[in-house]
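In the form predicted on its own, a lone chain appears below as structure tokens.
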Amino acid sequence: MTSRERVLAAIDGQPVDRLPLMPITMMYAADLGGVSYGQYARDHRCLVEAQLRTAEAFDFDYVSAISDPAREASDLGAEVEWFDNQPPAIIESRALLSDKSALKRLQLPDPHAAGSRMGDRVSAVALLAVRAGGDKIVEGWVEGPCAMAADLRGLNTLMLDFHDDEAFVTDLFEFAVAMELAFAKAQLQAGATLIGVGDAAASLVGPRTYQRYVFPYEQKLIDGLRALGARVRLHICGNTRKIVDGMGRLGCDIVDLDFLTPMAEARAAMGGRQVLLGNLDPVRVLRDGSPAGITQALEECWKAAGPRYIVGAGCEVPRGTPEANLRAMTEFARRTV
């Protein structure tokens, strides 16, 4: 099977020759590709070369245009601080929507605009599709509604908005979903098969807030992506134990699981049909552990998840992870059916 065939078969519940391997690599890929992270996040050509080199070195089944959560916010006018060798960061103290009334003046950005950060990601997807799309899954990426709202409003302020101004929150989430669907459509047209949705801020809300505010707009985004023909991967970093049932009801093709949520607990909550990815501790087990310990941890994840499982870490593979440790993930996937 090609890597592309393997991933699609796993998603569709069809037999595979081995487990798919889809860990997130960003800073690790930049380091392996010999570029600074500032270059990786700014220049799609650097990102593509680093992704291709990493996928080839470790026999990954996909390549991804993921880099940082600031692309959409940047194109809307948010203030972003850049670093030479770290991801860019949105300056929360000067959040774009510190004044809520500014939301009414925001215009949806053009994801194809020359010189835009969204356009750079679309270009990355297009080049990845040309270079690897015949063999590997090409993954685009968008922010989820809660993460995008936090990027524009400020995380701490958004948490207060949930209690103080329901109408504003719903308007902000509506704007976020519309923007991300347009961004995803551009990436799909450029050659992406899979769209990753990163909604890290959702792990910081309680279950009632999640069900009342976040879940309906995640559902609207996922349904919209499916209508566009995308396969969908949901990635919510952190402790999702209190919202994992809702994550399973969204109907995503793949749900990433961070290490703070036990695999067996997630499987019980989501049922047997959901494809799960993860959930090694990226630091203690993957970066700081041993190949033998990684193999053992993956065996435990696989047994708890059952056959509908994709090999990966709980979150991004940290920079500085020994090659032998990452290769242990590759060898486990290669020999496991």
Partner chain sequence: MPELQGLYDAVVNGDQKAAVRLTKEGLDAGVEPMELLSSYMIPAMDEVGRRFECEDYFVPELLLAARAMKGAMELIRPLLTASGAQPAGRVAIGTVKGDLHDIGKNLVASMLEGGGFDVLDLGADVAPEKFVDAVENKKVDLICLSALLTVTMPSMRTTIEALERAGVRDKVKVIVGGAPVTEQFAKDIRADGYGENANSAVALARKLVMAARAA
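On a predicted model such as this, the values are computed, not experimentally measured, just so you know. Positions refer to the first chain, counted from 1.
There is also a form predicted in complex with its partner chain; it is not shown, and the following applies to it.
**Student:** Given the stretches 244-252, 207-215, 107-115, 132-140, which is the single one in contact with its partner chain in the predicted bound form, using a heavy atom cutoff of 4.5 Å?
**Tutor:** Residues of 207-215 come within 4.5 Å of the partner.
**Student:** Hey, in the predicted bound form, does residue 96 get a heavy atom within 4.5 angstroms of its partner chain?
**Tutor:** Looking in the predicted bound form, residue contacts with its partner chain do not include residue 96, since no heavy atom lies within 4.5 Å.
**Student:** At the 4.5 Å heavy atom threshold, is residue 284 in contact with its partner chain in the predicted bound form?
**Tutor:** Residue 284: yes, in contact with its partner chain in the predicted bound form.
**Student:** Can you work out whether residue 164 and its partner chain are in contact in the predicted bound form, taking contact to mean some heavy atom pair no more than 4.5 Å apart?
**Tutor:** Contact with its partner chain, yes.
**Student:** When the contact criterion is heavy atoms within 4.5 Å, does residue 178 count as touching its partner chain in the predicted bound form?
**Tutor:** Output for residue 178 is no: heavy atoms all beyond 4.5 Å of its partner chain.
**Student:** Just one of 239, 189, 219, 170 has a heavy atom within 4.5 Å of its partner chain in the predicted bound form. Which one?
**Tutor:** Of the candidates 239, 189, 219, 170, 239 is the one lying within 4.5 Å of its partner chain in the predicted bound form.
**Student:** If the cut-off is 4.5 angstroms on heavy atoms, which of these, 89, 264, 102, 228, is the one near its partner chain in the predicted bound form?
**Tutor:** Checked against the cut-off, the match is 89.
**Student:** Looking in the predicted bound form, is its partner chain within 4.5 Å of a heavy atom from each of 193, 328 and 332?
**Tutor:** Negative, none of the three is within 4.5 Å.
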